[in-house]
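A single chain, nothing else alongside it, follows as structure tokens in the form predicted alone.
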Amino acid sequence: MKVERLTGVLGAELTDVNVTQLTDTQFQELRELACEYGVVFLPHQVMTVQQQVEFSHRFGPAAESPFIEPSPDHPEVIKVLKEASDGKAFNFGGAWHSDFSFLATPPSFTILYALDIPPYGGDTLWSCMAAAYEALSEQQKEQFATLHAVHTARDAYSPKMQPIHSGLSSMNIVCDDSANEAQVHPLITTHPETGKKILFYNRAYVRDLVGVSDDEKLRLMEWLHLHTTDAKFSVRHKWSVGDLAVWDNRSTQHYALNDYAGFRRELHRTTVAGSRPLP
């Protein structure tokens, strides 16, 4: 396969490859590239839902996907779908986040396949948390190494958020009180495959910092959001039908833009089980 790097910090396009016909050696190369670049894009793929599931299984078993009703025929697949008639409703993934970081063991990889794309808008952005860590001062690295973040879905999937998600007519997102549960993860983690240090933070799910005074934590959390989503750490992808994206949730966060009111957008998502983030 041909590898074209997209930015100085993350993202690569892989061409001359059919993901449904990869040998074990080729697949291992693809996995290593996804870890190295954070997110890889493979254009012009043609695959059925079952083929996407089988491809996802090569990375590992399926991850838990709470609150979101999957495809009835394929329980591991989420249809990320906003109908043209949904207008300006909040779109799925429409805030900076790392998939389900509020779980004890968040997903390792996410795989997203584009089936119906608006003529403009609906791009997705990713940000590199390894680069965000490297950009810290030595003093910040030392300070953050002792801190832990409280991850919770309470401001995304608790019952108070149901009216926002109900604006999507073709996705059934069921909010409940389990979203108020929380997991505590290190603010600085070590990637289990690359060994790189990661600034494991996202504003969608981090709602507290352990070991920081009340006066300081709100300021620090806002700074962490602005730092980790800085343009210099990011790549932006304009989708085309047949695009397949594979990204590493352990070292990135992402954001789906909601600027295509009046157009239909459908992608199929699978996620791969991960392990507990460790310092």
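Residue numbers here begin at 1 and follow the sequence given. Since the structure is predicted, the reported quantities are computational estimates derived from the model, not experimental observations.
There is another form of this protein, the form predicted in complex with a small molecule, and it is not shown here; the text below is about that form.
**Student:** Mind telling me which stretch in 142 to 150, 177 to 185, 127 to 135, 91 to 99 gets its heavy atoms within 4.5 Å of the small molecule in the predicted complex?
**Tutor:** In the other structure, the partner sits against 91 to 99.
**Student:** Among Leu209, Ala204, Leu168, Val80, which has any heavy atom within 4.5 Å of the small molecule in the predicted complex?
**Tutor:** Here the answer is residue option Val80.
**Student:** Work out which of Trp239, Phe67, Phe55, Phe41 lies within 4.5 Å of the small molecule in the predicted complex, going by heavy atoms.
**Tutor:** By the 4.5 Å heavy-atom cutoff, the listed residue in contact is Trp239.
**Student:** How about Phe233 - does it come within 4.5 Å of the small molecule in the predicted complex, if we only consider non-hydrogen atoms?
**Tutor:** Phe233 lies outside the contact set for the small molecule.
**Student:** Are any of the heavy atoms in Leu112 no more than 4.5 Å from a heavy atom of the small molecule in the predicted complex?
**Tutor:** Judged by the heavy-atom cut-off of 4.5 Å, Leu112 is in contact with the small molecule in the predicted complex.
**Student:** Just checking whether Val17 would be counted as a contact of the small molecule in the predicted complex - the rule being heavy atoms within 4.5 angstroms.
**Tutor:** Close contact is absent here: in the predicted complex, Val17 is far from the small molecule, nothing within 4.5 Å, heavy atoms only.
**Student:** Decide whether Ala256 counts as a contact residue for the small molecule in the predicted complex under a heavy atom distance cut-off of 4.5 Å.
**Tutor:** Looking in the predicted complex, residue contacts with the small molecule include Ala256, since a heavy atom lies within 4.5 Å.
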